[in-house]
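Have a look below at one chain only, the form predicted alone, in structure tokens format.
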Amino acid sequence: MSELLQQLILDELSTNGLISDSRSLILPGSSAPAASNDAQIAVLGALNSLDSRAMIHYETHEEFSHVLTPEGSQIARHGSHEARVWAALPAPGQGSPVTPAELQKAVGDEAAKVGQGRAFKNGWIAKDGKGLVKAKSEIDDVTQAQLREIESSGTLVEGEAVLSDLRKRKLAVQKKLQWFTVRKGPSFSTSIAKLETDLTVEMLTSGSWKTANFKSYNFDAEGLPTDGGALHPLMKVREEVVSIFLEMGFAEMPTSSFVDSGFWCFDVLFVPQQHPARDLQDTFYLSDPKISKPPPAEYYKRVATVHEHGAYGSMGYRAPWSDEESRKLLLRTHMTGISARMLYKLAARVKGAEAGFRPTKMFSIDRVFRNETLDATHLAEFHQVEGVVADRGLTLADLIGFMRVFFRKMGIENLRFKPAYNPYTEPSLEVFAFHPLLNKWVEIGNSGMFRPELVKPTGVPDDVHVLGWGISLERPTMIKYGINNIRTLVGHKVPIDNVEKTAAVRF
């Protein structure tokens, strides 16, 4: 159809030299002029194609007309609502007044509802007791006459004010019709040659590009708007969690060491070297290189001693110490090892002098890795949020109070605490929150007071206590956004449009 229409336009120009009004064209397969808007849209497509090859030039003209809506067409045939209301009423003294209920049955609900108001406004009807009667013996149904005029000519002699009123009443709508004047272009021809749009390898190899006709670039065409960047839902929740920590006076710990040693990931936390969590089933170990650089000698000796023989009031594990196990390189399984490393650096700065120690609050948010079986709630890679507070005289009550304040800032107020076991905290507490959508209690974190076997070897003063706790980042994100499968939150199958459209979170 497009090529036939293009050829029709070229032939018309070849014969007459000008197409003054494109509505006069008779399209292929039709016997009537192309007067409709749909026909002119087809003409515009053909003109744009020819104009891009400089074969023609065209000018655009616009005309506005009005057409009736279904309601307007009904009024043009049967009369306006107000006229129908007037016609259904008796003249004064010539019959019983018509009640509103009777009027609805006579003319219909819509006509009775709309027509009464306009008929009263025009002074056509009046009240007589509890009913309605005619107030005039004759009326002029102007609305019907106006709509019939629009139906026949597409406009009104009364002008725009009346047309605007009819549009507001949804009795008529305005339509725009484009038509075109067409002239020959500098490359006018009656034969349509397909222009090349791409310079291909085959053209360069054969040399056919030298004689090929290429389509000109349209430098005025606007390209598609570029998409802006978007934060992943996890990152949106992370930003909110970071803002809560900073508001509470915490400093962020460095978390760039994805690869760590068994010493920093397990040994310093008083996790026994025979613990099942250190097996290949739960931990990703590196094959090249396998062994880490040696840790600080004095600290290493203190940690090994408390494991093998006990110290600081602890009897230790009374199990042989393996330097090989301690030096194995692995992908970190949690963030608590970073907390222990920061406590060691803090103690090294003050050299154990009690006057030099200052209370500290630190947090970290980053990825950890565990050799998990993938399912709806578990991944081999996820994020952990951890916080520690170190000060003199801290107790379990301080830990509970701190967590209540923190989770309240996240919008979680209904908490429960359950005693638990961790190798590196005593006492330990699991934190549960009531989920109103699931109507049950769900675990949202783990916490405890760091054991002396962890804290004392770092070198901090003896009366300094450390409380710590952690949660996953994925769980509050899934709850916040109503996600029930972690694989639809993280991974290569997550739709990009979901990331772009996800709203910012506010706790």
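Everything numeric in this text was worked out from a predicted model, so none of it was measured. Each residue number is its position in the shown sequence, starting from 1.
As for the form predicted together with a small molecule, it is not shown, yet the points below apply to it.
Exactly one of the stretches 218-226, 76-84, 202-210, 418-426 approaches the small molecule in the predicted complex with heavy atoms within 4.5 Å, and it is 418-426. For the chain shown alone, Thr458 is not a contact residue for the small molecule in the predicted complex, no non-hydrogen atom being within 4.5 angstroms. Of the heavy atoms in Lys409, none are within 4.5 Å of the small molecule in the predicted complex.
Residue contact check for Lys361: none of its heavy atoms lie within 4.5 Å of the small molecule in the predicted complex. Of the heavy atoms in Asn446, some are within 4.5 Å of the small molecule in the predicted complex. Among the residues Lys113, Arg370, Arg169, Arg238, the one placing a heavy atom within 4.5 Å of the small molecule in the predicted complex is Arg370.
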